[in-house]
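So here's one chain in two forms, each on its own in structure tokens, numbered structure 1 and structure 2.
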Structure 1
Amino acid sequence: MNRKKHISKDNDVAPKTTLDGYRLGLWKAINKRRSAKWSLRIIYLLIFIGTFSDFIANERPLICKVENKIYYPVFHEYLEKLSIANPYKMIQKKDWNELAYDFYINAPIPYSSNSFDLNNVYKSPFSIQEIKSTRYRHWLGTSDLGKDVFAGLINGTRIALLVGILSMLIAGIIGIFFGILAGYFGDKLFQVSRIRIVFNIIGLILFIIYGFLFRKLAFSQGDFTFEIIKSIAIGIFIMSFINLLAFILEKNRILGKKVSVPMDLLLSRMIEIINSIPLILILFASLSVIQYPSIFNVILIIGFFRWTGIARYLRAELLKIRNLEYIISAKAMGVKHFRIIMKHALPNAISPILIIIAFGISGAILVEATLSFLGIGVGADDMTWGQLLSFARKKPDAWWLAVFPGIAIFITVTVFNLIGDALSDVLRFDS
């Protein structure tokens, strides 16, 4: 009986191989800390506002009835952008407030982020405004062209979350991939054939030539985001074709002889080179050559250069984990590397990555606000928190243009940092 009890205790302390333990640990940390609990609630609210921003602030009605026909202008606008539906023929006016409706339901805020109200320029929240009724009052004031600050904050919430979450999602995918190569495989475990090494070097050179050098004109004149996607597609095609040829030639005994590739050494040097260049300089240099600015350009650039911290921390964790008994036992049993990584190594090394991503989201939001404030990287039609702050430079006494966007940036960055602190508690608890 004693032996059975001893065995059960050993099984209890076996390493977790799923993310359930981390999820439970996160909830424990949130329940212990009131600040983390409220931060998560605020994040849910921000995600809701960002997702339904067009339904919260819009000059178009949500539902309307004109000449006995029912229209859904806001939803239909999404279909138009996706080229799924054609514009309404019966409704061609841009000023939706002047249409004669049989029935309508407006958005809570009757202004879009790009709506102009030239009768109310630089109006504070407490000043007298030239409006038809209280419903059309600018509750948080207006900018230099009469743009509603409240609507701008709603639209800025979506852009801030898009930049923060999507850029760190890209950085997370790249960082985890390179972190596994450097940390788990190290300098000796990653082995490939000689011909595959040569062919991949050739493929990389061809990718640079045909994916970027020959397409410089397309990058300067076209949509940068779309052109990057096309270049990545070209690279995938080249590398797939090259590796298919290498697979065929690997059957030769001499060409197929495998050698170790020092992945840890190579990736560590690459990380050092990227980290030696400040991100803000990379953004300025990249965005200065883009003819058509877009917020997705900012997302791509931040994502492609923010992965180094994730890769470095994951490498450090995997260097420790790969020498633990359960990893060595799995290798001895003949378990494939991919299964060991996904089922055992990565789940037990993911905690610091979650912390970095949480703090990285707040950092990306600050970077986007800085670029918007300077008028770099975002389109003229994109109303962001940083852009609202920039309006305050033109008129220093317009305090509402600095206070409300500043509060929004402060709250958003703070709640993500508090979530990062909660995840740090989970990591210390697990360790």
Structure 2
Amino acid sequence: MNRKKHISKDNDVAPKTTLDGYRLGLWKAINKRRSAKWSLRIIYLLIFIGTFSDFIANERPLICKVENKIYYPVFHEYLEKLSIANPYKMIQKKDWNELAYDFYINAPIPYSSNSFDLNNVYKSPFSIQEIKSTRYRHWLGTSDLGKDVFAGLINGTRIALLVGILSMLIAGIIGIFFGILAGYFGDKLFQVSRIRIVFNIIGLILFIIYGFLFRKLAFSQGDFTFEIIKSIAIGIFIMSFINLLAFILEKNRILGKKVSVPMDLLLSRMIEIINSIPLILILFASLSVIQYPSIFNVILIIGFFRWTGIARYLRAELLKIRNLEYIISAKAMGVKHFRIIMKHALPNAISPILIIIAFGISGAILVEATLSFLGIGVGADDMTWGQLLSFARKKPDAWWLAVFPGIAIFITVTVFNLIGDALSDVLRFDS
């Protein structure tokens, strides 16, 4: 029998089946807990609201018929945002509720988060409101300029979830990458050729020069998030080019001599640095220097500053795993590092990360709410829970502005915390 073939077949099949069983078990165990089950249901609901928020709360009708033509204004809004279609001519100088419809179907809440209703400024949910019919009632009251609180909550759901999930995605990618480098390779195992070290340092400098320093003009004029993504693309290009060059030059005996890089030490320092700066203050500072506020800047910056927890746990987990017998035997069989990490080490180390991600999502939502509560880093168009809550600071007698957004934040945060708690209980991992 061909020995090599046998090994690879074994590697592919054996862990996979056990892993699926393991995941299934985890899923079942979580669903057994009542709190976690309900939390999951609430999360589904929140995701539903977040995804379809434009159809739930919108001043535009879902479907309407004006002058014998049928329009789909909500769908049209998406096209307008993507600048595929032009705004309707009929709406140019009017509000949506002033149009003469033949017939229309409104969204359940007939207000957008930023639509004004100057007749009803700071109206309590229980007070008498100047409205056409009960259909147009502000069920949760209004804030300044008559903005509907309910519509704001619906819009805020999307932003909160976006912030929570996307920032943790970024943090997860960075954290897992560094966690593997530090945990699996430690201080001695990461061996690269001299030329590659030198080239990568040069590449990093070139990346800083061409990705950031020389693009100052683009950064000051364009959209920050988009420019960052472009810079990262430039960086990836430079790094891969340089590594290709290094790969060719490595063939030389002197240049190609292997040296070990103390990955663990480097990462520990990096984590110490990031953790020792108070997160909320560095977020204030870095968001205040960006000229055009947008929610995606908040997501990016939270992601860049919150990966340390993930990296630390993964590192600790991998440090244990890498000395286990099955990894050592895989190494002895000559399996490549990359394959060991992907097939053996990472799948067994990844579940504790889920706990941190669950707690991280709730943390990120809280951070974003705090930021927008203090008026830092939110765009002008969007309404967030924190922003709604901040109106209560300006007008302390408007209790509905303090209560409802707060409840929304509280429920979302609690639900993700409960999931994290359930995961850590199931995995017998105490945070």
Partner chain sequence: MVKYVLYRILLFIPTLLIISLVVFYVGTLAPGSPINKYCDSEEINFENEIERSKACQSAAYKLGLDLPRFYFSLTQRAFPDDFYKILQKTHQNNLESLILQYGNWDEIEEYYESRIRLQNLLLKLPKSENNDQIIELKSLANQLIVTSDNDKIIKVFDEMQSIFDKQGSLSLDIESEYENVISSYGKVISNQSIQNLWIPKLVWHGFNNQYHNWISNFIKGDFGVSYFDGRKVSSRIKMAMKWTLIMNLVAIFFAYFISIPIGVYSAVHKNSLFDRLMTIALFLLHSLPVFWIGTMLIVFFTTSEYGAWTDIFPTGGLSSLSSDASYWSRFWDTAYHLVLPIFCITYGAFAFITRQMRNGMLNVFGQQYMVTAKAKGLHQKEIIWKHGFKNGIFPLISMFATIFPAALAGSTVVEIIFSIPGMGRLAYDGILQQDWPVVNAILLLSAFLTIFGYLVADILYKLLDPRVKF
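Reference numbering: structure 1, starting with residue 1. All figures in this text were calculated on a predicted structure; none of them were measured in a lab. So that the term is clear: the rigid core is the largest set of C-alpha atoms that superpose within 1.5 Å between two forms.
Taken from the form predicted in complex with its partner chain, structure 2 is distinct in origin from structure 1.
Annotation for residue 213: C-alpha shift of 2 angstroms or more between the two structures, rigid core superposed. Remark: with the core as the superposition reference, the CA shift of residue 83 between the two structures reaches 2 Å or more.
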